[in-house]
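Quick heads-up: it's one chain on its own, the form predicted alone, in structure tokens.
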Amino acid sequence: MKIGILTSGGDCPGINATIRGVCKTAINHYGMEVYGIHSGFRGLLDNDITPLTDKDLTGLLSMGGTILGTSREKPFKKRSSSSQNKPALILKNIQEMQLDCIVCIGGNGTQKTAAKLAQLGVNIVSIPKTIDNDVWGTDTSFGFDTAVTIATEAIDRLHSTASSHQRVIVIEVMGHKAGWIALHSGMAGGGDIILIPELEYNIRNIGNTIIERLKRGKTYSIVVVAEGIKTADGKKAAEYIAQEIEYETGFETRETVLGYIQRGGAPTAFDRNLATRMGGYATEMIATGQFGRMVALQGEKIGSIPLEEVAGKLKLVNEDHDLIVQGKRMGICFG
């Protein structure tokens, strides 16, 4: 068989480990030909593909980013009359390149595009990739553990600064619609207040929590916020919350935005192994003709689900999540 592999959307720790898992299994176990498609779905439009050999995969396990490059090209999004021809051009190019299957590594947008290509008859196998952990149907996506680890380390470091200066420090982590990073890093890093997009918050409750902490001898507070929480006037999450806390309490408050640091660099051991397992399973699916499906971690096992079940859905934090329940029992404020 002759397969193509692409990475689409934002970069994420573990993409290269996944490419390695797919390609090494395909080449060494199944004897397949593998071609790297550059710059996401744009590579399918431009015929920008190159063969990948076992030698090309050396050193990928711990490498951040993606050797194939990425883009946010959405071939089914109608921006102009010409864009309506993009799916047809992709089908034509896949046929001319004689690719038996396309492996798509990406987040929610990629899964949606992959599902539409599958509906057009393209043999697709997809792998979920996101630090936000919001791809529906998989318990965990590779990249999430690395992002949480980086955010937790940052929170750990902020404790000493906040304690030394007796300040409130607000740290903003990624998560536009889902608060998984804020929840997991906030709990692991000992955050006192954790704000996520899924739960509404009252700034007075936050101010009262900080004041009550002071009365109990807690001279500083750490506030962890997801970037996607609602703010007034479109202000950035950390900036807005810091200003409001200072107004409500009079306490000196500072904000820190962690930003793209969460997405870069080497993946954790957990993400390397998850990426390897998912990549290998994707190749097994190709070999057995299981197309139109996304690889998914379900409990301890790797399995798969139909792409049409994934497209257009988000996996969000539920207020009954055990970390939230336990956090509230411990006195942590969630807004």
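This is a predicted model, so every value here is computed, not measured. Position 1 is the first residue in the sequence shown; the rest follow in order.
Note that the form predicted in complex with a small molecule isn't included here; everything after this is about it.
Stretch-level contact check against the small molecule in the predicted bound form with heavy atoms at 4.5 Å: of 125-133, 151-159, 205-213, 90-98, the positive one is 125-133. Contact with the small molecule in the predicted bound form, defined as a heavy atom within 4.5 Å, is made by all three of 72, 174 and 227. Interface residue among 167, 263, 86, 112 relative to the small molecule in the predicted bound form, by the heavy atom within 4.5 Å criterion: 263.
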